[in-house]
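Here you get one chain, nothing else, as structure tokens; it is the form predicted on its own.
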């Protein structure tokens, strides 16, 4: 047994080194690699990806995992048991997917990002469509390679991001949203509220927005000795260890909300991983347990804390200090209503809290149809626009604000989007439980967000991926997941607004 453990851990250490190098290369590409450097970087990525694949497919490594899995009850450490279960599941790629196809796909998604960036910039879906067709074709083949008696079709891809949530469970969840939330949203968004013109247009100088971002990182105790903030086309969080977890944002001179809430959102992700117990850094258990739980942290930070009246009671003076001309005649109450305005909008990452899940519903229905073969890539813009009219109540004017707005499909992340809505629902239930231990509003109003971070660390963050989403929800809330907390929270908040 000891020899198998030794073989597994030695091989994992090498894999972690490759993972770090590949991650760092990807981070660099999305934040500061010069355009002319892409091709050479892609070549080096191909070398590293093949070397990592060779390690993962090494017969000795596979034998070690399979032996440890067969004797899992003999392993004394429960965390190591979880790790071996995950390792066993991960073998399905090297055992069932042909190597040449898998490596070719890795290169495809490596080169897809700049193609998507240019297509979005030029409002040209046809320029991205051939690449997306290749991504979807591989994903359909991947489904066939990995299907089991329990996982069929789109479920295979959903399982990559949220264990235990398939089409059956997501259909129940989204049907609850359709039945209880869509009519409420349609009522609330019948008319758009009026606000001072400068709130909507600025200009809000970028250098002042950057100063505000630094201020917010201090308020939320995002550890700058373990992370940093840069700019990217699409805000994201990225890291492979609790001691190096980085975030990005983007700045628009005519939109003050965008950078504020993307920074707060990404800090929710970043603080989660920074507060993982360091003992998981050199294991396969670092990070969040599922993307739904991960998203619950970012959505809670962004919406339940960052958009609360209590938060801006404390921090609105800083905003007035940075933008005195733009906010000269804007009261705290007006600003609070502005950042919580519910309206029919087109851009997911800038959608308000109330309508956000409807944006995800559109993507969920499209992905399901894509993978089943009932929808062709070239028909995506038409279907996208139809579903936005149906659920969100607004139709995109062009593809940049429609089908091209998200980077996820360029990364091959099909099955990811539903976790965003699920995370929002997880967040409402977790917030309710936390409020029983802390008076959260008082904590926010007294600028003691460190207390919130500590509660989340003890109930969620420190466990990294050693617990399942179901286990985390029981630890944090004492109850199984119940989407009704989410529906009730939204109705209560937006009825009051």
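Computed from a predicted model, the values in this text were never measured in an experiment. Numbering follows the first chain given and starts at 1.
The discussion below concerns the form predicted in complex with a further copy of the same chain, not included here.
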Assert contact residue (a further copy of the same chain, in the model of the complex, non-hydrogen atom within 4.5 Å, options 225, 149, 179, 187) equals 225
As a check of understanding, the residue in 27, 53, 61, 455 with any heavy atom within 4.5 Å of a further copy of the same chain in the model of the complex should be identified as 27
Residue 437 versus a further copy of the same chain, in the model of the complex: is there a non-hydrogen atom within 4.5 Å?
no
Quiz item: Any chance residue 21 has a heavy atom within 4.5 Å of a further copy of the same chain in the model of the complex?
Solution: yes
Flag residue 230 as yes or no: does it have a non-hydrogen atom within 4.5 angstroms of any non-hydrogen atom of a further copy of the same chain in the model of the complex?
yes
TODO: Tell me, yes or no, whether residue 281 is in contact with a further copy of the same chain in the model of the complex, where a contact means a heavy atom of each within 4.5 Å.
DONE: yes
### Contact check for 369, 407 and 413 against a further copy of the same chain in the model of the complex, heavy atom at 4.5 Å
no
Exactly one listed stretch (44-52, 463-471, 425-433, 447-455) reaches within 4.5 angstroms of a further copy of the same chain in the model of the complex by non-hydrogen atoms, and it is 44-52
Contacts from 29-56 to a further copy of the same chain in the model of the complex (any heavy atom within 4.5 Å), listed N to C, are 32, 33, 34, 35, 36, 37, 40, 41, 43, 44, 47, 48, 51
